[in-house]
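As structure tokens, one chain now follows by itself in the form predicted alone.
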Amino acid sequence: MSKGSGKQGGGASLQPPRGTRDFYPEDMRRRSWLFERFREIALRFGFEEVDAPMVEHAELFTRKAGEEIVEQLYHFELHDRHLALRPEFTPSLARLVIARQGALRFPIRWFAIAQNWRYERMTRGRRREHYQWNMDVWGEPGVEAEAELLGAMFAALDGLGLARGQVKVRLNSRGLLEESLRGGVLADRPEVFAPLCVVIDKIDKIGAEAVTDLLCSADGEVRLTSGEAERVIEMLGARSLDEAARFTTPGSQALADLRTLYDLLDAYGIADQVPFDASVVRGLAYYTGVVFEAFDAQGSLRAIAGGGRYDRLAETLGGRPVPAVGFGFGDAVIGELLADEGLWPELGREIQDVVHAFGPEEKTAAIRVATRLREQGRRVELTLGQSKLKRVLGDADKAGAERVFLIGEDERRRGVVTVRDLARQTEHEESLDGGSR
């Protein structure tokens, strides 16, 4: 991230607000390159791009988003409306689907690259403003949708140059967890399942002992006994489907779905990159089934991506039931990982031609040459002001230009332009209208 420095005369800071970023040209080149990789993979998998306003009605996020996001909203009152900057894209996507629910032909495959805002504690790779690549499937209840999304995620990681094994996607099923808990410790209190998930989602951050304390706290919503909390922690320790089966009810549909999913992931060639981990629950309240999170293999960064199934979100927001599953893939963490691994490519300005007039009398001819080249689809820089030839050639070479078009007094009088090929180190003349000489 590039930053300004110092203060203006009136005391205003030249730094962007804490947790946000300025994008100078070199930053924009990287951002554009990354987004192009996201878009390329989504299109390759047959998804269509959508977008929505960055400002939404706050209720869209407070109705069923989960405790953490609600506390992190950038929100405000304006003309008797309670509005918020979107903290994530999924509720906006749900609103888009519900608005045309009767006209859409399901299943639909949509993707977006959306800017999101959350006021949260910052760590490396975590910002208060970030972009997120979302891919979502609506209208498909089977786990083949999850498999397709995970296949796309790994295709993106491959496309970014990350070797297999550098990123692991841990996977679980909240459906499996819900079945197990409601058949056991939550049999008489099924309504506390959602707040319980919010608590156990913190296990990687605060540890099992602190999570146990929260589960048993008399001031909390869950209020388990120490024995019940111990059982929950034991369940979260399962690292294979066979281990998880010890805690499930007989004939578990969620467990059968997970076994089917792993068969499909094997066909994609990624099953060994997606370990089962019963501690993955995701903090958002709307998840209902398979959930997953992607982390760098070293565990030095926060989650690169995450997602899962959210079959009841449309109902929660006032629509008809539609099964749905998707993921969000942030730009900030993957940027840190690419930097750590030396995988950011060298990205120049991509200027193809530079047109330079030696004097003011040649400006008109230079403009005509630049216009002709631009109409041919070339990326052309027309030099401004009066620069020395040495600087023009040096800047053109640094920008990666292929050719420099030079028009001096002699060229203007003869109706020609000198074309210097920087790669071949050759020079020739052509007429101002592009004909050969």
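For every residue, the number given is its place in the sequence shown, counted from 1. What you are looking at is a predicted structure, and each value in this text was computed from that prediction instead of being measured.
This next part talks about the form predicted together with another copy of the chain, which is not shown.
For residue 225, no non-hydrogen atom is located within 4.5 Å of another copy of the chain in the model of the complex, even though that partner is not displayed.
Under a 4.5 angstroms non-hydrogen atom cutoff, another copy of the chain in the model of the complex has residue 128 among its neighbouring residues.
Though the partner is left out of this view, residue 37 does not reach within 4.5 Å of another copy of the chain in the model of the complex, counting heavy atoms only. At a distance threshold of 4.5 angstroms between non-hydrogen atoms, residue 21 is in contact with another copy of the chain in the model of the complex.
This chain appears without its partner; in the model of the complex, the one residue of 109, 174, 302, 170 with a heavy atom within 4.5 Å of another copy of the chain is 109. Only one segment in the set 130-138, 202-210, 331-339, 291-299 has any non-hydrogen atom within 4.5 angstroms of another copy of the chain in the model of the complex, and it is 130-138. Contacts with another copy of the chain in the model of the complex, taken as any heavy atom within 4.5 Å, map within 49-63 to 49, 50, 51, 52, 53, 54, 55, 56, 57, 59, 60.
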